Ligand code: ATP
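Here you get one chain, nothing else, as structure tokens; it is the form predicted on its own.
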Amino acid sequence: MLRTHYVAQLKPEMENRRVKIAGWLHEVRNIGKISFMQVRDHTGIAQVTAKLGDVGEEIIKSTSMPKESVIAVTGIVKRNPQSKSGFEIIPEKILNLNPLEDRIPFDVTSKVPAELDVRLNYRHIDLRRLETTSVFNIESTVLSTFRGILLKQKFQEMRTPTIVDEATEGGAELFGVKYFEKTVYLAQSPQLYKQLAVIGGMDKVFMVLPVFRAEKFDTPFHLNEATQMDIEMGFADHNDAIKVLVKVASGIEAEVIKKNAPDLERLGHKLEKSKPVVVTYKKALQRLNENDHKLEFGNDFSREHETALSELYGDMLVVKEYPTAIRAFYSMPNKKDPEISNSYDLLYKGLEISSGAQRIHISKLLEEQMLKRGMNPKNFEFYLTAFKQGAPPHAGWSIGLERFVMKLSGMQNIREASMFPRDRNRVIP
């Protein structure tokens, strides 16, 4: 093996032990007969100190490699209180594993900031930045925690298609794809399929999958290919699903605070535990108007309203029971007031990251809602048939992975929370 340890595994207490590390040459400074090298892997940076007299002249010469060279270092750990880590490595052997053939397009140390578009054009280089690594360390925690919480709650993971015959929500524009002799579409949601799974008796399901929306947005909050973390649960209403949503979102936040403290520190982002609050749309609307954020009943919240609600209620806010007319066609109207639906959103730090509802499980009512939205029920015959064959009450939601990671990590642009983002202009790398 080219390494015995990752940088994060090295400690001052390992003094006089021989180790092998491998990574990239992050920085190098030559001062007289001493060379200070910083070697970086995805866990951190180690100082390698080569002093002529302590090591051979060939070692000193090998430190003249350009930054971002891929190297392996064999050496002895020595305590060094002046080093940030408390130790340094005295090299015995330095190997250049693959000499550079092209220049590095920007400074990986971040001493000279690079434009986001440049970083994304060379994402393989940008991923070497420890700050970028930290964002995706946080994403990994989000995904594993999401799965872990739901598995403990006896949810079952499932997969759904990304190729569909018809719009599943009736709102967003779709990407058409030639599929043999016909045109099909990239799915904007797994909605119909996770409902069919619950109708089929799977009862509680979750999934992580890509979704595609063809809106021509150029904002820091939208992607045309995004990742959703979805659930659906049978024999449940919107309040049951909200309880699960709060448990999952709070659990993810707590785990990031616990597990990713070094990443948050590296990003300069202070993340504290949020207190979840649940309010109705009507109460949230009243509170906004009382604080000079004017909005009429029946209108959805703008980005400014979401920010204001965060200031009024806190960082983790669930708003429930939106007007039926502004929600997806499958949202169950409230029994007491059909103008209100059993739907809800989760706003986290002023941004909507999740949306959900109790679903209509009565076929006639579902067909009525389709017709009101200008949708042709014949295009959903397989869907409607399922509701005529014993569909239980059920509810669910989805969390936008990139939006959640963006807020958890303190990023200002959702593209920084997507490893290879796809928007209306970007389809590479």
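In this text, residue numbers run from 1 along the sequence as written. Being a predicted model, the structure only gives us computed values, none of them experimental.
Although not depicted, the form predicted in complex with this ligand is the subject of the following passage.
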This ligand is absent from this chain, but in the predicted complex, do Leu223, Ala226 and Ser355 each have a non-hydrogen atom within 4.5 Å of it?
yes
Spell out, yes or no, whether the shortest heavy atom distance between Arg213 and this ligand in the predicted complex is within 4.5 Å.
yes
Do Ile414 and this ligand come within 4.5 Å of each other in the predicted complex, heavy atoms counted?
yes
Can Thr63 be called a contact residue for this ligand in the predicted complex at 4.5 Å between heavy atoms?
no
Any non-hydrogen atom of Phe217 within 4.5 angstroms of this ligand in the predicted complex:
yes
As a check of understanding, the residue in Ser69, Gln369, Ser398, Ser35 with any heavy atom within 4.5 Å of this ligand in the predicted complex should be identified as Ser398
In contact with this ligand in the predicted complex (heavy atoms, 4.5 Å), from 75 to 83, 345 to 353, 107 to 115, 256 to 264, is stretch 345 to 353
